[in-house]
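One chain is shown next in C-alpha cells, namely the form predicted on its own.
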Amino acid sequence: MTTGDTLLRRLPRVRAGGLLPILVILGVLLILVAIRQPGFLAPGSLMSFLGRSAPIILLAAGQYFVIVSGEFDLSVGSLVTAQVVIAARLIDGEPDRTWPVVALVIVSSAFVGLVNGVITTWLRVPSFITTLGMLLILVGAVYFWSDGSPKGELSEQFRRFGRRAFEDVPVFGRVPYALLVVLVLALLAIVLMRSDFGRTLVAVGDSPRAAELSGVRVARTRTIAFVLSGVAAGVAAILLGGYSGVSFQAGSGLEFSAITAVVLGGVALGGGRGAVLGAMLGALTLELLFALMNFSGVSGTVRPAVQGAIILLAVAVSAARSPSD
C-alpha cells in the first residue's frame, strides 16, 4: 500500500448529512397531498407521478456528482432541450433510427460533460462561468440548427421510454418504464458512491488540496463528475422527450430545479458533504411540493420563487451548522 493510498483512506468518507430530515419532509408532503387529493396514493396514480418525476430525479443525481466535488453544472437544462430537438430531427419519425440516435444522445451528452470538465479543471475557468457559457452555446446552436422551430418527429419506439409502462402488474397496476430506468441508474449511482471513486469525489469536494497531497488526481475526478452529469442529462432528455414531445422549452429551468433538489436533499453547495440518495429524494420532494401547490390552486409562476427560497434556506442552515473558522 502506498503512502497516497494510506492518506486517501484518511480523507473524509461519504457523509450522508442525514437522510432523516428529507424523509420527514417527504412524508409530511405525502400526507398533505393525500388529504388534498385523496386518490393520489392509489397505486396507479402514485406510479404515474413517479414516472413523471424520473427526469428531474436523474438530473439531481447527475448534479450531485458535480456539486459534491465542489463545482456547478448550469448547462444540463439546455442540454436536455438540445438533445430532444436534435433527436426529433435526426429520427424524423423513422423507427429504424431510434437506437442509433439514443446512443448518439448519450455519447454526445457525455462529450458535453467532458468539455465542461476539461475547461473547468484544466483551463481553470470557474465552473459557474464554464457551464453558463455552455448553456448559451447549446441554446444558440440548437436555435440556429433548427431555424428557430423544432423539426422532425420522435418515433414511437423512442417515446415509449418516457410514456409507456408495464400494465397489469400485481399490487402496483401500472409501472412506467421511466421509473424502472431511474431505479436501475439510482442503484448504480449508490454503488458508485460507495466505491473508492465515491469517497475520492467527496474528499475532493471537502478539501481539494488535501486530496491532491494524498495523490488524488483532482482534475480527473472532477472531470468524471461532469461527464456523469452529462450522461444523466442525456438519459433525462430521452425520458422527457418521450413523455412530453418536442419543444424548445423541454429543459427550461431544469438546471435550477436540479440544484434545488440537491440542496433540499442535504448536499452542501460547497461540496464534500451529502448523499446521492438524498439528492434524488430531494428531487422527489420538490416534485411533490409542486404537486401540492397545483392541487391547492397555487399558480405555477411562483415556482422559481419557491426554488430560490429553498436554496437560500438550505445554504443558511448549512452555514449555521458548519464550524466557524
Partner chain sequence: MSAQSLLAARRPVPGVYLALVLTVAIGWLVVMLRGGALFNQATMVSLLHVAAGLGLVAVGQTLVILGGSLDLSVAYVVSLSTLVAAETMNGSDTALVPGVLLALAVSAGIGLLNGLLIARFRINAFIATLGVGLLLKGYLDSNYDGPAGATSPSLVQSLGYQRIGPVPVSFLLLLVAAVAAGLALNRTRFGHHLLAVGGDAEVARLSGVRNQRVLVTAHVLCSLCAGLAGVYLAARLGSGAPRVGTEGIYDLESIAAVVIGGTALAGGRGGVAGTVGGVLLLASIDAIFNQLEVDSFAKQVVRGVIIIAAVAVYARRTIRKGRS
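Numbering follows the first chain given and starts at 1. Not measured: the values here are computed from a predicted model.
Form predicted in complex with its partner chain: not shown, discussed below.
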Item checked: 4.5 angstroms heavy atom contact with its partner chain in the predicted complex for Arg124 -> yes
Notebook entry, point to check: in the predicted complex, does Ile137 have a heavy atom within 4.5 Å of its partner chain?
Noted result: yes
Item checked: 4.5 Å heavy atom contact, Gly173 and its partner chain in the predicted complex -> no
Check: For Phe256, is any heavy atom within 4.5 Å of its partner chain in the predicted complex, or not?
Finding: yes
Item checked: Answer range among 114-122, 201-209, 95-103, 177-185 for contact with its partner chain, defined in the predicted complex as heavy atoms within 4.5 Å -> 114-122
Check: So which of Thr221, Ser214, Thr130, Ser155 gets a non-hydrogen atom within 4.5 Å of its partner chain in the predicted complex?
Finding: Thr130
Notebook entry, point to check: In sequence order, which positions of 286-315 have a non-hydrogen atom within 4.5 Å of its partner chain in the predicted complex?
Noted result: Thr301, Val302, Pro304, Ala305, Gln307, Gly308, Ala309, Ile311, Leu312, Val315
